[in-house]
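Next up is one chain by itself, shown in structure tokens, the form predicted alone.
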């Protein structure tokens, strides 16, 4: 007898400005995955929505590779040799909104449910981190909310919380892709001590201000010196987009993950902020669209079993 499950997983934004590779936030934009595991070999993969023309529908598919990884980890590879996979994607591909993390987490969550939930969320975080390489996107995709994550002796640790500040997220999505590998390659192997100290202070301030809902301190908390200055050359007009967002009423702005999306944090004036960001991008020859999102509170969850 076949067993199917449908999972909904949010897109995410990592770093949140100064929290390089450790902070993340879950956004109210979602991918849906419907999975049926098969006893016999064979793959039937269909994709619709964002990136449908670019996502492979064979053995290279990230969802299927993630499922195989979990089956191997749980010694169940011989029990399930094929799958029917239906993907409906709203998260833009290769834009800094956690599309690969969403695929990995959806795959692991769905397969785990079909197998009878042998892993709790912390177990899923471990497997997802092993696949993704770091927890900054997979953690908010699993837990929801804002997350603070680290890896200690190979074991990821993460806690999530909901900010007391009534934030919305305005995301400017430019019309070009930026691979995480290219963004990583732009980073130096060492940074000045003063830049490290700058980010430690801002990251601590950001978490504290979010937890307390202190809007005055939050205005100073999104700046970064560890990764954004080195990646700015990959995103035309990045700092001008930041400035335009703030002038239109945003509390702060930052790259979303490794980019090229720019995310502004607002309590009001969301439409005006989005328009200003689009116009700033246009001034540098880049067309963009704006999304106004909330903070997802659930993380990956079952839609239909």
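If you're wondering where the values come from, they're calculated on a predicted model, not measured in any experiment. Numbering follows the first chain given and starts at 1.
The same protein also has a form predicted in complex with a small molecule, omitted here; what follows describes it.
Taking 4.5 angstroms as the cut-off for heavy atoms, does residue 258 touch the small molecule in the predicted complex? Judged by the heavy-atom cut-off of 4.5 Å, residue 258 is in contact with the small molecule in the predicted complex.
Applying a 4.5 Å heavy atom distance criterion, does residue 212 contact the small molecule in the predicted complex? No, residue 212 sits far enough from the small molecule in the predicted complex that none of its heavy atoms falls within 4.5 Å.
Is residue 164 close enough to touch the small molecule in the predicted complex, meaning at least one heavy atom pair within 4.5 Å? So residue 164 does not count as contacting the small molecule.
Under a 4.5 Å heavy atom criterion, is residue 134 part of the interface with the small molecule in the predicted complex? Judged by the heavy-atom cut-off of 4.5 Å, residue 134 is in contact with the small molecule in the predicted complex.
Looking at 180, 225, 77, 126, which is the one with a non-hydrogen atom within 4.5 Å of the small molecule in the predicted complex? Looking at the other structure, the residue within range turns out to be 180.
State the residue from 152, 233, 194, 184 whose non-hydrogen atoms include one within 4.5 Å of the small molecule in the predicted complex. Filtering the options by heavy-atom distance leaves 184.
Please determine, with the chain shown alone, which of 77-85, 136-144, 107-115, 216-224 has non-hydrogen atoms within 4.5 Å of the small molecule in the predicted complex. It is 136-144 that comes within 4.5 Å of the partner.
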